[in-house]
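Only one chain comes next, encoded as structure tokens, the form predicted on its own.
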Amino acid sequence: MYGLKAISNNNGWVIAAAGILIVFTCLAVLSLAVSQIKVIFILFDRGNKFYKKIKSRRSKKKIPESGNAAFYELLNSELEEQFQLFDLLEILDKNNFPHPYLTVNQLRYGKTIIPFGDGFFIFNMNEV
């Protein structure tokens, strides 16, 4: 069997119509995206301005100007000898230290605070 009869018997017309519909839909979506490219760029620009605004708000948090001595004095006054990292994070967040998780990470890797066991930490007085 050849010709139009073979196409009809094997659902060729439905497959052809589905292909045409898929191609037409993709072209319509593409033309819509191209026609709205100006709006897309405006949205990206607004997003960049929003990102800069958020970044400027974060940079307003300052570390106390007196430096490390005030930092350790604050921690010693509010923490017990043995403490959990959660307590340290709460104190840093409450006193508006920027990036409390990074600060705790640096204290751990710098061996300023060392594990004491059962999830507790102590200050390494050799490093402070």
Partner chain sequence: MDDLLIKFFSNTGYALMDYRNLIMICIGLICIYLAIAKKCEPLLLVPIGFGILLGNIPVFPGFGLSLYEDGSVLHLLYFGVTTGLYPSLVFLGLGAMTDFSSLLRQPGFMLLGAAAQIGIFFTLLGALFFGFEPKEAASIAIIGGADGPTSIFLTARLAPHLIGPVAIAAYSYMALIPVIQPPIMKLLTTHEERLIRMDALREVSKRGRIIFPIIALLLCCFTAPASLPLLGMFFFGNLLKESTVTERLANTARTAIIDFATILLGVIVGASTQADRFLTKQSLGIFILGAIAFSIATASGIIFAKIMNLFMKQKINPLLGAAGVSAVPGSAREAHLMGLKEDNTNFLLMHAIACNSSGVIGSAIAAGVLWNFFS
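Here, rigid core means the biggest group of C-alpha atoms that superpose within 1.5 Å across both forms. Residue numbers count along the first chain shown, from 1. This is a predicted model, so every value here is computed, not measured.
The following text describes the form predicted in complex with the partner chain, which does not appear among the structures shown.
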So the partner chain isn't shown here. In the model of the complex, which residue out of 72, 44, 101, 86 has a non-hydrogen atom within 4.5 Å of it?
44
Examine residue 116 and determine whether its closest non-hydrogen atom to the partner chain in the model of the complex is within 4.5 angstroms.
no
So, in the model of the complex, is residue 39 in contact with the partner chain at a 4.5 angstroms heavy atom limit?
no
The partner chain contact in the model of the complex: residue 7, any heavy atom under 4.5 Å
yes
So, residue 109 and the partner chain: in the model of the complex, are they within 4.5 Å at any heavy atom pair?
no
Residues within 4.5 Å of the partner chain in the model of the complex, restricted to 16-40 and counted by heavy atom
16, 18, 19, 20, 22, 23, 24, 26, 27, 28, 29, 30, 31, 33, 34, 35, 37
Inspect the rigid-core superposition and answer whether the C-alpha of residue 34 shifts by 2 angstroms or more between this form and the one not shown.
yes
Look at residue 13 and decide if its Cα position differs by 2 Å or more between this form and the one not shown after superposing on the rigid core.
yes
C-alpha of residue 114 moved at least 2 Å between this form and the one not shown on rigid core
no
